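Shown here is one chain on its own, the form predicted on its own, set out as structure tokens.
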Amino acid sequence: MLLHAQPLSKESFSPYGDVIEIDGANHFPINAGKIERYHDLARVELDAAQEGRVLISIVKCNEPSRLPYRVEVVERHCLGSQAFIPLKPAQMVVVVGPAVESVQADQMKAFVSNGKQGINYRRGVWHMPLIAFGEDQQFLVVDRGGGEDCEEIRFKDVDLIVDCESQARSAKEF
């Protein structure tokens, strides 16, 4: 099964979470007008009935990926949302599925960012693990800490391949 990644937009990604970008965002000046704050770009979710806290982390790519990419496993986090924001401009390819008990390969959708967008997965949304296309590419991660919160499903009988019309670009191309 071949998934063609469509451009990432707030509207198309809304069933799965938030697109984190400043284009069209609520904003206002702070610090005597020297800084513009783009406010409330994503909804950080935590299950109030569970113990846990918001974590802010940085992850760094050790092994770059290439397209087309075979998605062998998807995961979800039911106790909290999970955001990935590139620290330098770089496209992201994400594969997501609905927040159902057991997702099927034909329910998955693929998106490609414009290089300046991040994403925030809603609680329970199935998604492929993070991949990056540049060595040492870094992402700011905002998610939940405290206890185990990761379920996985392996696609055994289906080859789920993601590609996009234009190959993902490195940060040098922006």
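Model, not experiment: these values are computed from the prediction. Throughout, we count residues from 1 along the sequence that is shown.
There is another form of the same protein, the form predicted in complex with a further copy of the same chain; it is not shown, and what comes next is about it.
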I'd like to know if residue 36 sits close to a further copy of the same chain in the predicted complex, meaning any non-hydrogen atom pair within 4.5 angstroms. yes
a further copy of the same chain contact in the predicted complex: residue 89, any heavy atom under 4.5 Å: yes
Taking a further copy of the same chain as it sits in the predicted complex, is residue 67 near enough to touch it, meaning that at least one heavy atom pair lies within 4.5 angstroms? no
Does a further copy of the same chain come within 4.5 Å of any heavy atom of residue 138 in the predicted complex? yes
Would a further copy of the same chain be touched by all three of 20, 53 and 130 in the predicted complex, meaning a heavy atom each within 4.5 Å? yes
Have a look at 79, 103, 85, 95 for me and say which one sits with a heavy atom within 4.5 Å of a further copy of the same chain in the predicted complex. 85
At 4.5 Å, heavy atom to heavy atom, what parts of 51 to 76 sit next to a further copy of the same chain in the predicted complex? List them in sequence order, or say none. 53, 54, 55, 56, 57, 58, 59, 60, 61, 62, 63, 65, 69
